[in-house]
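Next comes just one chain, in structure tokens: the form predicted on its own.
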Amino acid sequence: MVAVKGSLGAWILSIGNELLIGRVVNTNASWIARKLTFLGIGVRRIIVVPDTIDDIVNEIKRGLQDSRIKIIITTGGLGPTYDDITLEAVSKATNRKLVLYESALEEIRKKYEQANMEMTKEREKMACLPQGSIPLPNPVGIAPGSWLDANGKIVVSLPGVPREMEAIFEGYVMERIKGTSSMVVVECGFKVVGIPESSIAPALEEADKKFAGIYIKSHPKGHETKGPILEIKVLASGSNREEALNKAKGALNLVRERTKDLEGKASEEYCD
């Protein structure tokens, strides 16, 4: 079950051949997924797509047709090279023209002029966005991001360079999507040493069934039979922080209660 039960949904499309051949580790997807989760947006898909126009278009269309999905976030493919085709794909998937945005072009031109570089068609290309988009400034790089409202669904396109993606997301995306979900999400957990994961599994299942709006999971850090160490974590959602915390702590207390007779040592619980 997704972390935020009943929440608005999101897809993350990570675009780039370099991800599929293992040259680059997809840290962007995990970073965005965590941000969305704590904004009350349930991530339902993380998909890695090659730099192929048809593949990107098809996945965007699939996300737009899914009634559970409110937001699609793409990363990668916004640069000046021939294979940077994400915004062209967004345009095709949403039946829009790819148009030159003067405001984005001016920002790009200023950055190259500051570096004593002239504009070229490759550099100008980065200012071409789907018609109706809102350009998202890139404070640490060149290529702007894009925010597009497509018939009630949101398509956000961000650069693939992690520091650029993070800067645009935190500076221009987070505030825009905060109001799309009314849920508050918290994470709590504790560490337990000496209890195998298989022994604690029944308690986790009981907690999952008892508390609505939680996702509880054990994360093994040691060996199941030769020194078990578990990190028990629970994500809980509610209409406010107090409600979410009560669910999270209730679930963890149930696990502690069910395993108190087992030979193990648990740490103090923490909450984010």
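So that there is no doubt, residue numbering starts at 1 and follows the sequence shown. Just so you know, these numbers come straight off a predicted model, no measurement behind them.
Only in words, not in the display: the form predicted together with another copy of the chain, which the text now covers.
Query raised in the report: Within a 4.5 Å heavy atom cut-off, is T259 in contact with another copy of the chain in the predicted complex?
Result: Result no; T259 lies far from another copy of the chain in the predicted complex.
Query raised in the report: Looking at the partner-bound form in the predicted complex, is I46 within 4.5 Å of another copy of the chain by any heavy atom?
Result: It does: once another copy of the chain is placed as it appears in the predicted complex, I46 has a heavy atom within 4.5 Å of it.
Requested in this report: Using the partner position in the predicted complex, report whether T225 sits within 4.5 Å of another copy of the chain, counting heavy atoms only.
Outcome: Although another copy of the chain is absent here, T225 would touch it in the predicted complex, with heavy atoms inside 4.5 Å.
Query raised in the report: Does at least one non-hydrogen atom of K92 fall within 4.5 angstroms of another copy of the chain in the predicted complex?
Result: No, no contact at 4.5 Å.
Query raised in the report: Just one stretch in 172-180, 78-86, 146-154, 97-105 has heavy atoms within 4.5 Å of another copy of the chain in the predicted complex, so which one is it?
Result: Of the options given, it is 78-86.
Query raised in the report: If we check another copy of the chain in the predicted complex, which of the residues in 60-74 reach within 4.5 angstroms of it by a non-hydrogen atom?
Result: Read in sequence order, the residues that approach another copy of the chain (within 4.5 Å, in the predicted complex) are R62, R68.
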